[in-house]
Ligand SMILES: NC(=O)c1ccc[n+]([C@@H]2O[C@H](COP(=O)([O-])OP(=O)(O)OC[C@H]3O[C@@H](n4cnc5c(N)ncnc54)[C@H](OP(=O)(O)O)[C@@H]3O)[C@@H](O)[C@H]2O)c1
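We begin with a single chain expressed as structure tokens, specifically the form predicted alone.
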């Protein structure tokens, strides 16, 4: 049986990957990389057939144990970790030494045009070390609205980003997890490919704010500050400087790029339409109202 290690297993993407993997095959062992012991019990309540190993991107001492007897690695980059040489090279070297053969890496659409973002450097590192790989390159997560951007929406009724009028393609993390699970199980069919995964809507944040206003029944506005103001605003809120810079790269650079290409890969693979923005907002409506002031 194939042993698959899922990194980021308690986050939005990791949980969706585990959800779909656990439905799809009895011929794999799913191992969840868990940073803290206390998280294991909650995960096993919902997925009692999986295994858990302690794994922390920032603790090299956890690498060998987590990677022992692993053939396939699902790798993502936690939003707060941007230093590729410091954190990802030691991890990938350890994976190579432990005999990991296959990596599905959660990258980002358009990475090939943005060599300064961490995802680009991680892709190159995976190739450099000689792994068989699949680079899954999704577009902009709908769930950014319910995670990174949520506090401003709840407390200020605003989306605050230096994105100007840039168009973003919107994809549901559930769709990503479903595709990732399929790629992990049928790796050979897609190996050494970069696969873009998108929804069918290219929209800018002003349009999204208008849609949210209609769904939530209150006015949500979009504000696009200059880079200096955005940086200091987020530093004042306590965000790490490295994380703010990643936010800037992911939201400011698209202002100078063409509209994202739309991929039909999800529908081709699953036979279903990807989640629409409206259905996502309706599904997650209650989350936007928590902590409202």
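Numbering follows the first chain given and starts at 1. None of the values given here were measured: they were computed from a predicted structure.
Another form exists, predicted in complex with the ligand; not displayed. Remarks below refer to it.
Colleague: Of the listed stretches (213-221, 180-188, 96-104, 140-148), which one has a non-hydrogen atom within 4.5 Å of the ligand in the model of the complex?
Modeller: The contacting stretch is 140-148.
Colleague: Is residue 12 a contact residue for the ligand in the model of the complex, using a 4.5 Å heavy atom cut-off?
Modeller: Yes - in the model of the complex, heavy atoms of residue 12 and the ligand come within 4.5 Å of each other.
Colleague: Would you classify residue 78 as touching the ligand in the model of the complex, given a 4.5 Å non-hydrogen atom cut-off?
Modeller: Contact with the ligand, yes.
Colleague: Flag residue 36 as yes or no: does it have a non-hydrogen atom within 4.5 angstroms of any non-hydrogen atom of the ligand in the model of the complex?
Modeller: So residue 36 counts as contacting the ligand.
Colleague: Do residue 58 and the ligand share at least one heavy atom pair within 4.5 Å in the model of the complex?
Modeller: Residue 58: yes, in contact with the ligand in the model of the complex.
Colleague: Going by heavy atom distances of 4.5 angstroms or less, which of 108, 153, 126, 84 would be at the interface with the ligand in the model of the complex?
Modeller: Among 108, 153, 126, 84, a heavy atom within 4.5 Å of the ligand in the model of the complex occurs only for 108.
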